[in-house]
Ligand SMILES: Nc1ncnc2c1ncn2[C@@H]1O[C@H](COP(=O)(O)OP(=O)(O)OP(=O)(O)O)[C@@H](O)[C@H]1O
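Next up: a single chain in structure tokens, the form predicted on its own.
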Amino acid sequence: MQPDIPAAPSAPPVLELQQLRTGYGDVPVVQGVDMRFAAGRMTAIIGSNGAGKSTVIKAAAGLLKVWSGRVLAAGADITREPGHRRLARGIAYVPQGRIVLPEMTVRENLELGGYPLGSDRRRVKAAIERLVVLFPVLGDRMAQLAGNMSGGEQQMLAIARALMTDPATVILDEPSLGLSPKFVDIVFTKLQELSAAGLTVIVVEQKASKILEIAQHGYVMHTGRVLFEGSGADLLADEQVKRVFLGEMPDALAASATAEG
């Protein structure tokens, strides 16, 4: 009889939120949220307006003070670390609104994203070359002012700039906001490619059905709490989740789901 061999311990999540509470001023927004983000997977965070989605990821990225709870990166407590320290750990953040520097060229925007790489021009050049393969349109626009690009092109530039340091995790806030259907499809395809290449992708997204079609995992938030969690496919098929998206979720159902969660 073969002796029992203990199972190898599983690796901790690349990023984890434990009983996270935070808000703005004296106003609580996120109230006891638990989330786990596995390496190399795409996770969607969805919910109605004001649910606390963007607030959660700002706290995860180090842009908002955590009131209580913990933020862990590969098991290490980074709750009190500022954003630039988290970037050094490989956690990049793409804010909402296609934020680029309009009076700078595409190349200059990318070089700014590569600032943490230091003065090694070869590393910066190599990073730009790597990203041009992912976003070919940027290769054709290197000398163009970012402000003269279309909204979709600016969003690709914002994502590429965040990827200049070759992070392990990228957090995106509403990447489809204000984009034409054509560029929504392009951006979502790029997110799939990044995830397939091993990058951990965390997306807050208003186009809930579309992101759940491509995300391996998802969380549904309501009034600062996680109501539902599951695979993208399971959430997409869940009738209660559909009610959340339609704004028809009765208070009794919300309270019940919160208690069950």
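Throughout, we count residues from 1 along the sequence that is shown. Model, not experiment: these values are computed from the prediction.
Note that the form predicted in complex with the ligand isn't included here; everything after this is about it.
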Options 208 to 216, 228 to 236, 47 to 55, 193 to 201; stretch whose heavy atom lies within 4.5 Å of the ligand in the predicted complex: 47 to 55
Residue contact check: Ala61 to the ligand in the predicted complex, 4.5 Å heavy atom: no
The ligand contact in the predicted complex: Met42, any heavy atom under 4.5 Å: no
Any non-hydrogen atom of Ser150 within 4.5 angstroms of the ligand in the predicted complex: no
The ligand contact at Glu81 in the predicted complex, heavy atom, 4.5 Å: no
In the predicted complex, the residue from Asp166, Glu108, Glu174, Asp185 that sits within 4.5 Å of the ligand by heavy atoms: Glu174
